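Just one chain follows, in the form predicted alone, and it is written as structure tokens.
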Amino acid sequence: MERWPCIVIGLGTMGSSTLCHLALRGVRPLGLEQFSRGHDRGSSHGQSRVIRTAYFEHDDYVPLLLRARAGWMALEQLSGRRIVHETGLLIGGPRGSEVVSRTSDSAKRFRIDHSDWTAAEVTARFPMFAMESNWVGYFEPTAGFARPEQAVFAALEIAEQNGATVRESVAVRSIEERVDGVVVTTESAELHADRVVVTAGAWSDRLAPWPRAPIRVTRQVIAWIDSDDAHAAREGTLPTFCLDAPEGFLYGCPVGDDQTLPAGLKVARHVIGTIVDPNAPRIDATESECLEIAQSVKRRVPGCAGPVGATATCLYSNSPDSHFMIGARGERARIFVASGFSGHGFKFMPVVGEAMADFVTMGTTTLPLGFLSPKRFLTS
């Protein structure tokens, strides 16, 4: 039986970051991925994901995001890859929108550079948006988007350069904690590890479920718009945006010079998707879903409107309260799980990897993760 100091299961954003941090600490871990690196079976693919620092979801996330920001810069420097695009981020909604007001309050509390604008001020700066007179906007100039596939490739390259082993197309069947370690059973072998980290996205709950906190996996639709005005949709002209509209939350990332196929303005609606089995065949975006997204863009960002040129789907792993679940599973603290990222976890990739490496090497972390402990469900 092969023996490893640590095995990381699932090498998407969180797993690749964990493997990278462990390797940089001299652990020499093994990473197992059931698909291939940079795959499209998780929640973070499609070339761009929003990153921001002020956070309406919960103030306790902000210190983690500040730490993550330094992590993004380090990942770029070590890999030589461009990952982060600081396009600026516009968050808009009707006056009284909690998304806008709580984001602004968060920025003020943590002294994050930002501007609060009226609807007229927004459209004066970014005329591609249509905002009713009762709308307001929040603008964070150093926010924007990051390239998820590039981030995964970068983290795994650094990990391998520093002694990590990566095995792709290896599905894990079970994890068993024993007195002397953890046995990981794959389709073809049994592996022994001192510690195991589970960052398997939609499959984490099947390998290492949390008591009283089931993960709900949902299907989400992404689209790329072939804008009638290509210049208006480009980075440098259009900011990354999140619009808390009454008909639904719409977000998008502009077209970058380094963008590959699919081309176009990437947009999606942040909604509660349909519950699905992650092992079931993917259901492509329907005609009505494409029409709905195109109409949302035409209504809210008319300067970038156009037909849907391409679509994709992704899987969200939703926790019961939509907050992450990160910590040790079991009394011996040999298995550590990071799951339930609920569609907003990608931007934390560098700091989650750091935290998981802390758990493996020290048994704990000084990062402020207490509010994300799964133990919160044991007392609720």
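Source: prediction; values computed, not measured. Start at 1 and count along the sequence shown; that's the residue number.
The form predicted in complex with a small molecule is left out here; the points below concern that form.
Original post:
Pick from 195 to 203, 82 to 90, 300 to 308, 129 to 137: which stretch has non-hydrogen atoms within 4.5 Å of the small molecule in the predicted complex?
Top reply: Selected stretch: 195 to 203.
Original post:
So in the predicted complex, does Gly42 come within 4.5 Å of the small molecule, heavy atom to heavy atom?
Top reply: Answer yes; at least one heavy atom of Gly42 falls within 4.5 Å of the small molecule in the predicted complex.
**OP:** Look up in the predicted complex whether Ile9 has a non-hydrogen atom within 4.5 angstroms of the small molecule, and give yes or no.
**Re:** Contact with the small molecule, yes.
**OP:** Spell out, yes or no, whether the shortest heavy atom distance between Thr118 and the small molecule in the predicted complex is within 4.5 Å.
**Re:** Although the small molecule is absent here, Thr118 would stay clear of it in the predicted complex, with no heavy atoms inside 4.5 Å.
Subject >> in the predicted complex, Leu238 touching the small molecule (heavy atom, 4.5 Å) >> reply: Flag for Leu238 set to no.
Subject >> Answer option from Ala54, Met325, Val351, Leu32, heavy atom within 4.5 Å of the small molecule in the predicted complex >> reply: None of the others qualify; the residue that does is Leu32.
Subject >> The unique member of Val183, Ala74, Ala285, Val170 whose heavy atoms fall within 4.5 Å of the small molecule in the predicted complex >> reply: None of the other options qualify; the answer is Val170.
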